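Given as structure tokens, the chain that follows is alone and in the form predicted on its own.
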């Protein structure tokens, strides 16, 4: 089954060690995720692509206990939905990214814990598997 990312240019794909793709302003040094064509701080178009570290620190987290409302495009239904973790992850000293966690058990998650970027299935679209990024505890 062919595999594609949920959106272009959010993470490197295919890749054995995927990284999130962002940008950094050449004028004011603002860092963005995902990659932006212009700076949200100063308006400059001098944005350079930036790959973020794969590992980071879990700052805060919660669990998604119910099926998200539209426009959520995951493949679950009310019957197949399983709760998942969502966390705020500090990547290096530049940026914090919110993302799905591979773990939802509160006993296995803690603020300050190390996490690593991974790619997980998101949904099937016909005969194609759509993947997204998530962070897994290390």
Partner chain sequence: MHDVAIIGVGLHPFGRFGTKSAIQMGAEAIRLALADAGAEWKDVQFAFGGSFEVDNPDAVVGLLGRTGIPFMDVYNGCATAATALEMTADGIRAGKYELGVAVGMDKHGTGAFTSDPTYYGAPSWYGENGQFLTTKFFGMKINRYMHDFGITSRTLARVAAKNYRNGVLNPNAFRRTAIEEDEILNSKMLNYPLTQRMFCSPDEGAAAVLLCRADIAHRYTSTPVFLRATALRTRRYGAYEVHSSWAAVDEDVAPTVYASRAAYETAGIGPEDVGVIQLQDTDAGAEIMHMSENGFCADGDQEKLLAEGATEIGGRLPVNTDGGLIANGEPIGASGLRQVHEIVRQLRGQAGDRQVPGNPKVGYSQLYGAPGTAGVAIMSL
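Residue numbers count along the first chain shown, from 1. Treat the numbers as computed from the prediction; the structure is a model and nothing was measured.
Another form, the form predicted together with its partner chain, is not on view; read the next lines as being about it.
- Heavy atoms of residue 122 reach within 4.5 Å of its partner chain in the model of the complex, making it an interface residue.
- At the 4.5 Å threshold, heavy atoms of residue 96 reach its partner chain in the model of the complex.
- At the 4.5 Å threshold, heavy atoms of residue 102 stay clear of its partner chain in the model of the complex, well away from it.
- Interface membership of residue 60, defined by any non-hydrogen atom within 4.5 Å of its partner chain in the model of the complex, is confirmed.
- The partner is not shown here, but in the model of the complex the stretch 100 to 138 reaches within 4.5 angstroms of its partner chain through a heavy atom at 100, 106, 111, 122, 132, 133.
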